[in-house]
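Just one chain follows, in the form predicted alone, and it is written as structure tokens.
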């Protein structure tokens, strides 16, 4: 078994480890799907994966290609539609939301709408989809990002998905539910949480071979650093075997 791994495989494994058995998790297209499937096959067999187009509690035996793929209903506990799923999040029934984006700031606000002026953008991105609903209503959101200064910015071009907006109390002032918001940011360099007092991103663990200096040099804003920065374990042989042979044998996302 080749135990060498690429950055995408590391991201998938790190995101999978965050998923807890028995919890509900809003799963998006791409890496979150692989992470959820890996978690179901490893440590979280009772993870309830929730998909935007209505599948709740699907068993991810074959990798869906998108959130609207019929495989997101495979052996599901419940099959409904997008309105029911979003209402479930609004009513507080979904614990985790896994999100991506092109840009993120220190407070966990995400941009997946446009690069540059939103009225005359340099690049038009896919847009919100359910990203705003997930970030607004799930109890804890986890962003999965490639890490560089173009993505980790002091001020993002547009807020598609609210994080802690501008700091303590800002989510509540905007009318969002209390005790919700960003929980983790998982990148190819490290993992962040958010400081309880300032609501700013805080470095808590480093990926193999990465230093605190590396993280700072690739981040466009000043980061907080935990007193005890841990080291993330590399993907295990078991994780890589399941990922490559069972979760994504065709290498669609790796």
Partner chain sequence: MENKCIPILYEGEGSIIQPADLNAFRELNRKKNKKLESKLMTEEEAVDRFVKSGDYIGFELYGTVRSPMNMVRALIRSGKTDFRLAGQGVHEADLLLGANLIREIDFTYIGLEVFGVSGNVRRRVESGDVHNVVEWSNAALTWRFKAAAMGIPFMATKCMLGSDTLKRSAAKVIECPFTGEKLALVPALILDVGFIHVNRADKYGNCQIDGISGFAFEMGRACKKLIISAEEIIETDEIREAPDRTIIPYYLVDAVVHAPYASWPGEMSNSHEKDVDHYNFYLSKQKTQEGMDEYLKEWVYDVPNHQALLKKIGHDKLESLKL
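From a predicted model like this one, the values you see are computed outputs, not experimental measurements. Positions refer to the first chain, counted from 1.
What comes next is about the form predicted in complex with the partner chain, which does not appear here.
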| property | result |
| --- | --- |
| Segment assignment from 212 to 220, 43 to 51, 189 to 197, 225 to 233: heavy atom within 4.5 Å of the partner chain in the predicted bound form | 43 to 51 |
| Contact assignment for the partner chain in the predicted bound form, among 142, 153, 165, 145, heavy atom within 4.5 Å | 165 |
| Residue 29: touches the partner chain in the predicted bound form, heavy atom cutoff 4.5 angstroms | yes |
| In the predicted bound form, residue 23 touching the partner chain (heavy atom, 4.5 Å) | yes |
| Non-hydrogen atom contact residue 253 with the partner chain in the predicted bound form at 4.5 angstroms | yes |
| Contact label in the predicted bound form: residue 133 to the partner chain, heavy atom within 4.5 Å | yes |
| Heavy atom contacts to the partner chain in the predicted bound form at 4.5 Å, residues of 99 to 134 in sequence order | 113, 118, 119, 121, 122, 123, 124, 125, 126, 127, 128, 129, 130, 132, 133 |
